[in-house]
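One chain follows as structure tokens, the form predicted alone.
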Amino acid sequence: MPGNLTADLTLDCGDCPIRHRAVCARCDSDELQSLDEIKYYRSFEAGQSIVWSGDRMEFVGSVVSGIATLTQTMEDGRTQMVGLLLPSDFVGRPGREAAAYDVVATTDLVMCCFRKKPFEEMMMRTPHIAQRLLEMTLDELDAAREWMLVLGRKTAREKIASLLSIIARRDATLKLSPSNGTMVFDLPLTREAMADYLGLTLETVSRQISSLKRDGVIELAGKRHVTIPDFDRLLEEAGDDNDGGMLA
């Protein structure tokens, strides 16, 4: 597995910033102790591969900080970004030997990894882990269906607003902050990465971000620090209601 062992990162599971959303969210103290015995941390630099499609997976794990992309390559060499991995998202599939997608760090990234075979064995005797992983898998399925709608039916402006709302919500959840009113976060993607993910040109992304800024929907400090003065207004721009569903 590529990446660097992060020996200086020795987070206690109870103090982990993604603890309330990760695969271990429902584990009790004994179960956390068992997980601690099979975990290790790895760091990746922006642009570095975490795993290539078809590679044998010797680990599973959660993104602690940073962001990664899931990409699929077609036979003629074209690639399509099919998903984002944000903090607390799970990498790898228990019971599957090989990776289904290329996973690449978009930013500097830290992962909490578990040795795959011991983790699979622990799943069999720890319902809390199996239940949480099922919940996360179903959430991922819902997100994939929602993203099909974003890519297939929304305008360029709505696509940008949708992506910003997704990132803002996740940031708020990790910080245990309310997902309403004014929201502030650092955008983890470059405009080039946003263009790839949304199926837009770089020029279109830049133009739409400038338009949202000009209209007061977002405020920018530099290229990455984003303030959303009114989250409900951003959802309106995305074509969503305040529960995240499409407006009728």
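The first residue of the sequence shown is number 1, and the count goes up from there. Rigid core here is just the name for the largest C-alpha set that superposes within 1.5 Å across the two forms. Just so it is clear, the structure is predicted and the values come from calculations on it, not from any experiment.
One more form of this protein exists, namely the form predicted in complex with the DNA; it is left out here, but the text below deals with it.
**Q** Of the residues 131, 155, 137, 80, which one places a heavy atom within 4.5 Å of the DNA in the model of the complex?
**A** Selected residue: 155.
**Q** Select from the listed residues 204, 65, 43, 49 the one whose heavy atoms reach within 4.5 Å of the DNA in the model of the complex.
**A** Flagged contact: 204.
**Q** Do residue 223 and the DNA share at least one heavy atom pair within 4.5 Å in the model of the complex?
**A** Yes.
**Q** So in the model of the complex, is the DNA close enough to residue 191 to count as touching (4.5 Å, heavy atoms)?
**A** So residue 191 counts as contacting the DNA.
**Q** Does any part of residue 38 reach within 4.5 Å of the DNA in the model of the complex? Heavy atoms only, please.
**A** Outside the cut-off, so no.
**Q** Taking heavy atoms and a 4.5 Å cut-off, does residue 53 contact the DNA in the model of the complex?
**A** Residue 53 lies outside the contact set for the DNA.
**Q** So which residues in 60-95, when you check the DNA in the model of the complex, have a heavy atom no farther than 4.5 Å from it?
**A** The stretch 60-95, when checked against the DNA in the model of the complex, contributes no residue at the 4.5 Å heavy-atom cut-off.
**Q** Relative to the superposed rigid core, does residue 80 relocate between this form and the one not shown - that is, does its Cα move 2 Å or more?
**A** Yes, the C-alpha moves 2 Å or more.
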